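First comes one chain, alone, set out as structure tokens in the form predicted on its own.
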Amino acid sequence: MKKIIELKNITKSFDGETPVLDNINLDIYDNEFLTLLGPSGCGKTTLLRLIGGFETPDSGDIIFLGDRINDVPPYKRNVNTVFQKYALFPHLNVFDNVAFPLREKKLPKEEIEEKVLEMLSLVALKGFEKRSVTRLSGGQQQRVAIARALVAHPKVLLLDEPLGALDLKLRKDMQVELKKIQKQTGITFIFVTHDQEEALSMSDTVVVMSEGKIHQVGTSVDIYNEPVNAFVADFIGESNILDGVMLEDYKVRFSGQTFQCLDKEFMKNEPVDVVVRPEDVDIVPVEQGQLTGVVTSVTFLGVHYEIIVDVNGFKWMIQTTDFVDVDERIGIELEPDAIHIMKKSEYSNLYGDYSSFSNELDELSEVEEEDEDE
């Protein structure tokens, strides 16, 4: 695949404060659906704005098809942007909104009409040409914004959390539509979201960010199955993350037991983080369990139960279609391919225990304990 954008050692801060982006390096390819994924404040929107030309890096280079474009203004870049607020012209109908960038280029009337109708058909708005944009639903307005951004056939389309204002069902529909549009046009899409499910379902490539840094770049399957550290494992779906020791290739010890795994090339007796996804945990009779624990909560979520199990003080999450009851003692069995080994990092011991689902609740509990001690 042809490389279309290269970000080299990009650093950006505002008012001389802590860098919003810290030495970012990333290659983006032609006809790729790439998603920048991370929590609020991680720098993903700033990175998008740098690519679009709305911000300038403090240091580093933005290379577009071999040319350095750090100082090239947005209107001279072969890049268009769809913002979270669609910025449609309320006094213009659907056709005229989509036609606007072509009229700015002074293209012939017949060519404009052909291109606009082609785009409206692509975004499933054929027949809406004369409709006022103020009479459209949120999803329809978004389709108009996408058609307007694509009508001039840019090399790259930037999408800054464009689905954020839509309700859940419409959001799901638009995820499918966006992926289909990207494949049909062959245009590189760079999509920003903090929604993990959205990123995994839509993307060819996911870029996981936090605190101005890129932690991992890979396919959805790679990111989910082989996270590089505890932050990625926790942010992408649910994960039980435990302290372990890699005894030798394919053998790890945690929770007081030794398990077979599929990982190798760690140092002998190296401390590691062990990741086990909740859906990969098998519930078995106590006498058959490699580990045993007591069920502390059971939540029915429609397609499965979400169960919290206390195993020697560590709260595991299990997702299963098997019902068990609170206070029941159960056995846990783990197949080798359910166990994923990661290097220790600055995020070790911060995630993975389901005593609660948020740091805020943990902090409140600690404050209450302190008050009681006083």
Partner chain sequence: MTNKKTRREGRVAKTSYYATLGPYSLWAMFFILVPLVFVAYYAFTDNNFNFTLEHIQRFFTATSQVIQSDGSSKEVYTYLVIFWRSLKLAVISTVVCLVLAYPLAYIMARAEPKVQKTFMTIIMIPMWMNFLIRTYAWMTILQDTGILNNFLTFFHLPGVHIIGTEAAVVIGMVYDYLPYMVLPLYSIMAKMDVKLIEAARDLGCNGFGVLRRVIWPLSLPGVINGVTMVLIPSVSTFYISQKLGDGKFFLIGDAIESQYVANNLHFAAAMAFILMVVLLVCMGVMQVLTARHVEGGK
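Residue numbers count along the first chain shown, from 1. Here the structure is a predicted model, which means the values were calculated and not measured.
Another form exists, predicted in complex with the partner chain; not displayed. Remarks below refer to it.
When the partner chain is considered in the predicted bound form, only one residue from 90, 186, 285, 108 comes within 4.5 Å through any heavy atom, namely 90. Comment: the partner chain is not present in this chain, but in the predicted bound form one of 216, 193, 80, 255 has a heavy atom within 4.5 Å of it, namely 80. Heavy atoms within 4.5 Å of the partner chain in the predicted bound form belong, among the stretches 235 to 243, 96 to 104, 216 to 224, 255 to 263, to residues of 96 to 104. In the predicted bound form, the partner chain sits beyond 4.5 Å of every heavy atom of residue 143. The closest heavy atom approach of residue 271 to the partner chain in the predicted bound form falls outside 4.5 Å. Put simply, residue 75 is close to the partner chain in the predicted bound form: some heavy atom of it is within 4.5 Å.
The partner chain is not drawn, but in the predicted bound form it has a heavy atom within 4.5 Å of residue 54.
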